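Take a look at this one chain, the form predicted on its own, written out in structure tokens.
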Amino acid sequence: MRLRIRHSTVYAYEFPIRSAVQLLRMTPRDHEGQYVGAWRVEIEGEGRLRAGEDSLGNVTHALYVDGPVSKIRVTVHGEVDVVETHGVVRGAIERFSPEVFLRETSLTDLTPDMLAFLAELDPQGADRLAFLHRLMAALFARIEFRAGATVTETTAGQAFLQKQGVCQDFAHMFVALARRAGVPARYVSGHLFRHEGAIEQEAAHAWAEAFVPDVGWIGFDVANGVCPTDCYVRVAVGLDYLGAAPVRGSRTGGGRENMEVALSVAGKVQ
């Protein structure tokens, strides 16, 4: 599948900002089954970009803006060829042992209800892969996908309690429960081509990956109850959303901020 992606974010400020610094994780990279063609990061207006990588091997771009500026537009676009690997990720940059991804974070907290839920899934069974599929299916059945039900600061425990959330929450819950079962797991940000024809989308997608010995890292899109296919473009990984967010930053001045996102993901079978 060849996927064509265009992702534009516009920040408009009540008053001109004096300065801003943003870290962009919006550029995918090659690994087995994913091959990035022409890819561009563009800034409209005054701004300087510096390409780099973070500690986990994600491609980053640091954006420096000197004001006064009332609007910033960041656009990324390009093509990615994706081959079906049944969710298995091989050939990606791995700088640390999988055990690093057993570390809990504030967004992947656990509640007593989550621990009771986990105990019912036989987390210590001999077949780790079977357990992970049970975990995905159980969360998919329990949690309702509801746009706007949560915010980026919502924790796994909060989403589990209210039994609803978005793809970020599904990923956080899966990661938190897998780690407690002793399975290294991480958060993934990226894009999803939707077969129903929804080329224009409201936001990027998120899912999880878990490590299984003798297999490697395997993706689990809990929000859709499936392992990633050739409709997925993997962009960044982290311990949670904060480590893989497409954009994070700070600014000086500006008053209220209004953000508008435009995303299109189109696909063509090769």
Partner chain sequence: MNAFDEMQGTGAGAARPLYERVARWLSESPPETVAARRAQAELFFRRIGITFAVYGESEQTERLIPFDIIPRLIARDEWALLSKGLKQRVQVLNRFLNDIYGPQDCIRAGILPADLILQNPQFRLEVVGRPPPHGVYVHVAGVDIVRTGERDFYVLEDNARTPSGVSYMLENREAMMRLAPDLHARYRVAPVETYPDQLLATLKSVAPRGARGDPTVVLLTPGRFNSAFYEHSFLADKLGIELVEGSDLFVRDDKVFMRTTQGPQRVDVIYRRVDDDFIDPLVFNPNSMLGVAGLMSASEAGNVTLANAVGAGISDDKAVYSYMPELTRFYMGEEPLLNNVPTWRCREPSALAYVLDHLDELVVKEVAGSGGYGMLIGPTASKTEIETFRRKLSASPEQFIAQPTLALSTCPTFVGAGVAPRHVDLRPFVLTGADEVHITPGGLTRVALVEGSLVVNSSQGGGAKDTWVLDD
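If you're wondering where the values come from, they're calculated on a predicted model, not measured in any experiment. Positions refer to the first chain, counted from 1.
The next section is about a form of this same protein that is not shown, the form predicted together with its partner chain.
Between 36 to 44, 220 to 228, 240 to 248, 202 to 210, the stretch whose residues reach within 4.5 angstroms of its partner chain in the predicted complex through a non-hydrogen atom is 240 to 248. Remark: Gln124 does not count among the residues lining its partner chain in the predicted complex, judged by a heavy atom distance of 4.5 Å or less.
Looking at Arg103, you'd find a heavy atom of it within 4.5 angstroms of its partner chain in the predicted complex. In the predicted complex, its partner chain sits within 4.5 Å of a heavy atom of Gln22. When its partner chain is considered in the predicted complex, Asp113 lies well away from it, no heavy atom lying within 4.5 Å. Contacts to its partner chain in the predicted complex (heavy atom within 4.5 Å) from stretch 40 to 67: Arg48, Arg50, Glu53, Asp54, Ser55, Ala62, Tyr64, Asp66.
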